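Quick heads-up: it's one chain on its own, the form predicted on its own, in structure tokens.
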Amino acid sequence: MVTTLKKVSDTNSPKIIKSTKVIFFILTITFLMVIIATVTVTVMGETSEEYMGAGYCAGCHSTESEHWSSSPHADASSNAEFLEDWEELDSSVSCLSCHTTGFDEDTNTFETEGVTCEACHGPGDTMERDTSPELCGECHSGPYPTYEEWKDSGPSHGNADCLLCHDQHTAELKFETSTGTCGQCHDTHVDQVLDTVHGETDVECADCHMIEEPADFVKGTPAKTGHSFSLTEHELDCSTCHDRPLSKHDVLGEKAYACLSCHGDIHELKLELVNREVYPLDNSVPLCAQCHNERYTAWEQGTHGEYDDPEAQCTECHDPHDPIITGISTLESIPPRVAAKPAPILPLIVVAVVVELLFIAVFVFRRQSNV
């Protein structure tokens, strides 16, 4: 029995060994083919310089392509504003490095018009996904220094990249309004504004915090894109919305500087003193007193400033924007002095002549009667 089994085993050994070699060979070839295919795809993806065009990407990424097609990137080389500025610059080819895709500085040629998928994702099938602000900064700088302004906007925005606020394909804000976008991080400020007249009239954060100015290519003055988000008294002009010209108080400064001298708490629009103490709008006395201290002292010692009239406020009599006393219904306005007109001379002369003639006539009549 043992001998028989041994013979059988000896008989099948070459077949088993042969089958094992075949299987090992097939697995080795398969493994090598997988490695070669992977390396080939990787190398081709990384080294391909062939631009396929936006239509190629749309075959798989139809939604993203549709969003991109309505973005300012899609018509970056054909929109009217660009063409007007480009013509003003004598059609400088340097502009095409950002307004086209695949621009070659050596030949001054480009692959496709507009900023297409491959301008950000790389040519071919690489599908690079660089979401850093530096990528956007390659074009959003110089004459339109969005990237530089963002870098200077302070440490609070240092960790907020472009895609926190903007959709990468439409380039639009991720929220319907700028207030919604800013509220992702600045929710406290947004809540403060909601209870003010600005909040009631739907004033957006960008209306005040993003002052924009066009570029002057002739003078070489870059544009202001508003991405510094800072407010300066020379940029912010409250009078663009508030038709309240200042009288007397215009000595405090120009544009918003005068407004912020009193309404320093910009989000809640409360009154703020120079020492940063904040008061509600219906408590104007401390604010006025810091400049008009002599008048405040006189007022405090008078009837209105006594302890029995604690609710008295400067603005009850004075318009804060035109502080001359006007419109007090309890007092009649003093009529202006009018100089008396001189009496007319001619009528007086006529009267005098008539009186004199009558006197002469009476005198003559009496003499004749005596005769």
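We number the residues from 1 along the sequence you see. We call the rigid core the largest set of C-alpha positions that still match within 1.5 Å between the two forms. Not measured: the values here are computed from a predicted model.
We do not show the form predicted together with a small molecule, though everything after this point is about it.
- The small molecule is not drawn, but in the predicted bound form it has a heavy atom within 4.5 Å of S230.
- Residue contact check for D161: one or more of its heavy atoms lie within 4.5 Å of the small molecule in the predicted bound form.
- With a 4.5 Å cutoff on heavy atoms, V278 does not count as touching the small molecule in the predicted bound form; it lies far away.
- Although the partner is absent here, T181 is a contact residue: one of its heavy atoms lies within 4.5 angstroms of the small molecule in the predicted bound form.
- Checked against the small molecule in the predicted bound form, the residues T221, N108, Q301, N79 give one hit for a heavy atom within 4.5 Å, which is N79.
- Relative to the superposed core, T297 undergoes a C-alpha shift of no less than 2 Å between the shown form and the other one.
- Once you line up the core between the shown form and the other one, the Cα of C317 ends up 2 Å or more from where it was.
- After superposing the rigid core, the C-alpha of C205 moves by less than 2 Å between the shown form and the other one.
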